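In what follows, one protein chain appears twice in different forms, each by itself as structure tokens: structure 1 and structure 2.
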Structure 1
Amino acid sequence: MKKLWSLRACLPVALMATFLSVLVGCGGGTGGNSEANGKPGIPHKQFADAVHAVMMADRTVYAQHVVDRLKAQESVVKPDEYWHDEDGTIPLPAQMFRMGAELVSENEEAGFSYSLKSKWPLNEQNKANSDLEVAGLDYVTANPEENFYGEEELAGVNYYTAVYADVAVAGACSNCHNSHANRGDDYPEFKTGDVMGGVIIRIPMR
């Protein structure tokens, strides 16, 4: 049924695309989809690096100008994993990140997906799942200065997948994680500077 729907949805889109390109005579593709209209789009790697830059910038701003500022002002409001339930709390940066990723995953226009994962997740939902994710996380753990890029097939769809190291930049990262009740028996003792997981960006290649 889904197939049918997408075929039906594609028809007007395809017609419109043809119409527009004839009319305007140009149509620079965005995202990783460079074949759609024969014009060059942004290469997958460049797209992944770009959106990753935005994600990290947002996360840094949230940490520095929201979380740290509240702390500096000795505010009663603080980030808390159970922010749903506790008065005077706001989501943790990792939760902000995941909720954003979930919103993007519901947005059919977005055309890509992302996540913050680890081989040792506090939240099972963030567990590195595919072979490529595990390989990518292993790679960036061994080479924190580098990113990992690869291609994988999941249920018949080919993806361009990029993995970026997520490093314990402050003592708070490892302290909170190491003392969390959800840590499994094989949980590493993280310390500042360690790679705790990674941001994974996945673009379907059509």
Structure 2
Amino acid sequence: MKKLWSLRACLPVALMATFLSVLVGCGGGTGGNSEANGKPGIPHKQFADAVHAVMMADRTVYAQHVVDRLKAQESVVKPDEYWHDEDGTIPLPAQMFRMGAELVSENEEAGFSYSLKSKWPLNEQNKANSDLEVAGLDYVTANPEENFYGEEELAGVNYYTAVYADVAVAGACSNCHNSHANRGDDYPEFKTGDVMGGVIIRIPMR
């Protein structure tokens, strides 16, 4: 049973990665402007907005129609942070999102990367790592209806970076954060619809 549920949980991630790779191929490049490379391509902002829309649609469906539904039904199968080690468990929405990001980063044809970061990370790997990430998270937290766009240089490579508000799309999201063991005394009390972090999409500028 454990292997069966693990396989089912990973299928949406693989399908999402495949879809994004197809989108890149249809655009003639990873958001490259035709003026820069002489080939038709999707502008960086349009490309980032498009893949973000797919990411959020998949994550919202998983959170609302899988995770929340299982909890409401008091199912024997439940979402759990330690799903790798427990039978009858599936990944949390944020973990599904991270697995998708890992698959895309391993795909050399994807030409972009994405991550989930927060001003209040429960896991240190979700902490902002660049000045632009910090500025982006501050901006979308204060302006959740708007996105943040900028350019930065990391390890000698220029990137177009987009930051989008990451909101609690279901009760499972806010409840998990509010009851997490790593939550400090000054950690915010989240509710559905609150900004809990930001989705960061990074595209190398060629």
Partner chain sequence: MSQTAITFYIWLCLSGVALWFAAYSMLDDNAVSKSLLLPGKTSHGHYQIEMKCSACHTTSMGIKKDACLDCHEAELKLSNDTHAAKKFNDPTNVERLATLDVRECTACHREHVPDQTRKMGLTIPTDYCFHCHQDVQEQRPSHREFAFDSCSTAGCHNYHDNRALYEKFLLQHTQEPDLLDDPQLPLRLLLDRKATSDDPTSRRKDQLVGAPDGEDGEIKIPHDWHGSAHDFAGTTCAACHGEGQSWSDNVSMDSCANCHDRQFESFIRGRHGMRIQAGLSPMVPGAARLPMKQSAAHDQLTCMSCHTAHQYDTRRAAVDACLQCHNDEHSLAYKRSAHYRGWQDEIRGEAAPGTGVSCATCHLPRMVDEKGNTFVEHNQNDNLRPNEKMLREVCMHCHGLGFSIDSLADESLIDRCFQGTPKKHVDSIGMAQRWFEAKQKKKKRP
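Throughout, rigid core stands for the largest set of C-alpha atoms superposing within 1.5 Å between the two forms. All residue numbers here follow the sequence of structure 1, with the first residue given the number 1. Given the structure is predicted, the values throughout are model-derived calculations rather than measurements.
A.B. asks: Only one of structures 1 and 2 is the form predicted together with its partner chain; identify it.
C.D. replies: The chain shown as structure 1 is the form predicted together with its partner chain.
A.B. asks: Aligning on the core only, does the CA of Gln73 end up 2 angstroms or more away between structures 1 and 2?
C.D. replies: After core superposition, the displacement of the Gln73 C-alpha between structures 1 and 2 reaches the 2 Å mark, so yes.
A.B. asks: Keeping the rigid core fixed, work out how far the Cα of Tyr187 travels between structures 1 and 2, to one decimal in Å.
C.D. replies: Here the C-alpha difference is 3.0 Å.
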